[in-house]
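Quick setup: one chain, the form predicted on its own, written in structure tokens, and binding and motion questions come after.
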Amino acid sequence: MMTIQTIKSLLNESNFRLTKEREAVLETLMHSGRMLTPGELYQLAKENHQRVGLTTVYRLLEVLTKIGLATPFLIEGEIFYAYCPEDHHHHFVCLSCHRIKDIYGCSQAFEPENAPGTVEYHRLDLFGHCQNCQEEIPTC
């Protein structure tokens, strides 16, 4: 797991200072274990740090996304964010509990030599229901 010092360095390189409020939001996102909407992240961070503002949450999420430490997911018209500091990987996203499972390794379909053009990057996310949530979904 990436340390706060490493993240501070990355943020400083982007001319973004990690204040105590922003650090509280970052730690909340890092330790949530699931993806969160900006509003959910704001509420959780505010419980631990009274001075956190919603604007702080949005600014931090924007910068974390730009430097590759947060990944946005659009689900049913709502944007969720997940802390995502690892090297290249893919995701399985549970639509019920919003937990994310990282998937490492790429299919041959995503290898640059199999592409019909020049590949800059790719992203693959799988959406469904994790085993825990699947057991709770009633079957007909």
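Since the model is a prediction, treat every value here as computed from it, not as a measurement. One-based numbering along the sequence shown. Under this definition, the rigid core comprises the largest set of C-alpha atoms superposing within 1.5 Å between the forms.
Note that the form predicted together with the DNA isn't included here; everything after this is about it.
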{"item": "Contact residue in the predicted bound form, chosen from R51, K101, H89, R34 - any heavy atom within 4.5 Å of the DNA", "value": "R51"}
{"item": "Partner contact for T118 in the predicted bound form: the DNA, 4.5 angstroms, heavy atom", "value": "no"}
{"item": "4.5 Å heavy atom contact, N15 to the DNA in the predicted bound form", "value": "yes"}
{"item": "T71: touches the DNA in the predicted bound form, heavy atom cutoff 4.5 angstroms", "value": "no"}
{"item": "Touches the DNA in the predicted bound form: P85 (any heavy atom, 4.5 Å)", "value": "no"}
{"item": "Residues from 56-70 in contact with the DNA (non-hydrogen atom within 4.5 Å) in the predicted bound form", "value": "T56, Y58, R59"}
{"item": "K46 C-alpha shift between this form and the one not shown of 2 Å or more, rigid core reference", "value": "no"}
